[in-house]
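One chain follows as structure tokens, the form predicted alone.
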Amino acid sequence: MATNYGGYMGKVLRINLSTKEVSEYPFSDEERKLYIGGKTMAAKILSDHLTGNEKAFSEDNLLVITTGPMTGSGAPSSSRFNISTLSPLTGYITSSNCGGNFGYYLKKAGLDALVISGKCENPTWIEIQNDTVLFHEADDLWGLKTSETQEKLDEKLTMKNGRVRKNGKICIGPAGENQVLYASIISNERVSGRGGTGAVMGWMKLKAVCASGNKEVKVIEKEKMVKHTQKWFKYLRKHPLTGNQLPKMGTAGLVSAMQMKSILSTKNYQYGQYDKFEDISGEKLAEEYNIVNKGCLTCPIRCARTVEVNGKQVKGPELETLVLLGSGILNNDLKSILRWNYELDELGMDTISCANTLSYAMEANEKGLWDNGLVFSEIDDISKVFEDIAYARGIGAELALGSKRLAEKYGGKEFAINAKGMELAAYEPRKTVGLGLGYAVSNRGGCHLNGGYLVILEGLGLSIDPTTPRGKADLTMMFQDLMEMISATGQCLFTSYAFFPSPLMNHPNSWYTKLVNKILPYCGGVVRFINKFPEIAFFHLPVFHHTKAFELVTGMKMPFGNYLRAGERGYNLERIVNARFGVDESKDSLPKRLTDVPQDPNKPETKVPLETMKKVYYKARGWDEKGLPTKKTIERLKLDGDVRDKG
């Protein structure tokens, strides 16, 4: 369906793999205005089809690949695309954001999104070029690792003049083919990692999708957008987080700060500090192994590291991989982590879930619950373990199920560190309790980003009291909604780091920074008022360039309050769909290690006061005691009629 807005191509394509039928999926301008794009657009499409009776591995499931209106607009860090589906790992909706180039080229092909259903009879890859969709046999690609798959695809897309047609691609590796429950999807060297999207693609026998074309993204106020973008680029480059820390050390630069704040996951979240943290730090990575920085398309931050593995220059590990395959399993050999990061990307596996499942297995072995031969700090055979997981061999076939299912079989649920079946990120939450709340209530499971990333207030940006529950529920809601909308527009969440004024970051010991840290937890009421009545924020914030850029690109009015409301709508929409699959208050939980056992035995407050915060959070969200949006909330967000109970 054509669109009057800028930023959109005006067409969503539906592909039925069982019948090879290709048709246009209707998505109106009214829906674009309400559901924007990215993960929120995907949630709307899933909401219209999922009743609560579907399984991840079935022809009733959908794989929804969406861009945002900012994708391809030239805005900073705007090459992101989203993949949403019913997760085989959790049984609920998962949404996984990726910085590869597929979203950009999907728009070049004239498409905002793909809605894929059904199952191929034989391994298949799909070629999309402008208005042409071709299905190709993929027998020669099946079994290949992700980089070789992409190289072979480029060979197939070589034109008569000998040049490879410019294209974006997604593909799976052996882990996806063998339906490892946390298998990922790869685009270039970037990963759509969480929730098992690659396993769904593997079940569909869909090895890869390539997109190319010559269409252009329409920008409503093009000249003004160019000027605004230039100003925005300069702002990001001057900010201490996006212009200094991330470019210098990437996310790995947080390791030392996490150690100092006692939030560095160590030995399967038993501790918050690791005495050999310097060996896996961003400083060591930068000094001894980093070759050059890289970034996604249109990204001024350039947070990606390039390292050498087996004589090849490849993408280096992010923070999560460094910590969870480092201190998480008591491994201080950085070189091994560089190699494992590459191997897991090649196999197509989520490093977070894989590493946490491994650490659960090590502790289960240590406690005599499961004789599996895996031992903390013993790393000689880990590469083989990863291969066994990807190919479902021996012990690998069990590790492929994730920590939640293993704990149900062998015991140790209190140290199977997951929420809703998805393993947690690298931040130990007993000294960042706001993030602990976020982990528990996150729609897709144990995700720091979908959880609101309150750790940036609790020690990694500002330094508000990290163990008080005061104000954390309202702040969590605001940050969740803000990040929800950034994802929906097709931009990188790292751009939100610059939301915090530079003086607060540059002068952490100043009187004004200390004052902000002191009073912010007591501002819950003010934050709730803004969350409840965001229309009072009818302006653009000078530290938040996203809203003005959105207006210039799309032509929609989007002051800061509207931006927050759109994020809130998307967050609630996913919650309501998940409710059809059984999500309620009882599923918003954390393992007892994090809620019942203080990290510091001498400080009882160093555990997550989850139940206390949940009650406040539900009230702030307009949810009932069961953790579900009330009818009033549904009507206020204009979701009534779109999210009716289909079970």
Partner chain sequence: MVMYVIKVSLYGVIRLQAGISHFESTASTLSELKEKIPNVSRKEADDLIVLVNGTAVKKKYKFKDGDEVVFMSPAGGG
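Numbering follows the first chain given and starts at 1. Keep in mind the model is a prediction, meaning the values are calculated, not measured.
The next section is about a form of this same protein that is not shown, the form predicted in complex with the partner chain.
For the three residues Met249, Glu278 and Ile456, a heavy atom within 4.5 Å of the partner chain turns up in the predicted complex in every case. Across the options 414-422, 284-292, 174-182, 205-213, residues that bring heavy atoms within 4.5 Å of the partner chain in the predicted complex belong to 284-292. Screening Lys367, His507, Lys335, Lys384 for any heavy atom within 4.5 Å of the partner chain in the predicted complex leaves a single hit, His507. Contact annotation: of the candidates Met225, Ile530, Leu449, Leu141, the single residue with a non-hydrogen atom within 4.5 angstroms of the partner chain in the predicted complex is Leu449. For Phe102, no non-hydrogen atom is located within 4.5 Å of the partner chain in the predicted complex, even though that partner is not displayed. None of the heavy atoms of Ala537 is located within 4.5 Å of the partner chain in the predicted complex. In the predicted complex, none of the heavy atoms of Tyr391 sits within 4.5 Å of a heavy atom of the partner chain. Interface membership of Tyr427, defined by any non-hydrogen atom within 4.5 Å of the partner chain in the predicted complex, is confirmed. Looking at 245-259, the residues that come within 4.5 Å of the partner chain in the predicted complex, counting any heavy atom, are Gln245, Leu246, Lys248, Met249, Thr251, Gly253, Leu254, Ser256, Ala257.
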